[in-house]
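Taking the form predicted on its own, here's one chain by itself in structure tokens.
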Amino acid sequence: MFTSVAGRSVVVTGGSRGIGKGIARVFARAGANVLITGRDEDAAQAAVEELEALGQGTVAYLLGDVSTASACARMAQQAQQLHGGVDVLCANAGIFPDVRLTAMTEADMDRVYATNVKGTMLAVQACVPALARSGHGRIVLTSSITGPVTGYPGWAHYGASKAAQLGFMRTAAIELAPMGITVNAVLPGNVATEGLAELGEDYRMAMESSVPLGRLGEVEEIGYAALFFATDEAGYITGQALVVDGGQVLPESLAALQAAQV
């Protein structure tokens, strides 16, 4: 049995939809007090109403862009004012616009790096003082298999940003260890999100066919991995990346999956 995280203060950036909302849902259900951030007020309000209905810890939102230091500072301050500190930071906010390398502009690159890399670093920076005071500070980054392990056409800038997060994680884990803060990452594979649903059933079936377990991940399954890293029992784990992908990166080809069915 893991030590409960009930009553702890958890910040989830990009927590108004998709994987971020799944992470927030898992922590809220576990009784944590959750602050989510996002840039869409309607989505943030809807997420808070949904999470509050779980009837566990308190849930609040803050609008802001993690690519700016001022927004991240407000986020850390708000969590401390509402929930008395920051025990867990889930640096999840990320964007993944699709554009081929030959058509990619400098602005395209800057936009992805500003949110996915700079936003991660600024969120961590802003929360470090409160995490250090926590006594069990935890940082969990949402990276991806795309970039660190695999590639996909149209996501060269996204893949590079997700690999960069892991480079940041390793040095941050060393620097923050003397403060009692751990830094780890979850690398999701194909996960069923609102954006995926909009692409249609044929697209979903094609994605499922590349996963040995034969299905897409659920957003809560990424949340459970983040919750594990946040527990007291995971206190001796830092600088590590956990792939949560249903085995997607294992086959060397689709032929390997077909052979497994024989």
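Numbering starts at 1 and runs along the sequence shown. Everything numeric in this text was worked out from a predicted model, so none of it was measured.
What follows is about the form predicted together with a small molecule, which we do not show.
Remark: of stretches 231-239, 63-71, 24-32, 50-58, the one touching the small molecule in the model of the complex is 63-71 (heavy atom within 4.5 Å). Though the small molecule is absent from this view, in the model of the complex it lies within 4.5 Å of a heavy atom of just one residue from Gly85, Gly137, Gly94, Gly159, which is Gly94.
Remark: Thr115 counts among the residues lining the small molecule in the model of the complex, judged by a heavy atom distance of 4.5 Å or less. Although the partner is absent here, Thr193 sits close enough that one of its heavy atoms falls within 4.5 Å of the small molecule in the model of the complex.
Contact annotation: Gly246 falls outside 4.5 Å of the small molecule in the model of the complex, judged by heavy atom distances. Shown alone here, Pro188 lies within 4.5 Å of the small molecule in the model of the complex, counting heavy atoms only.
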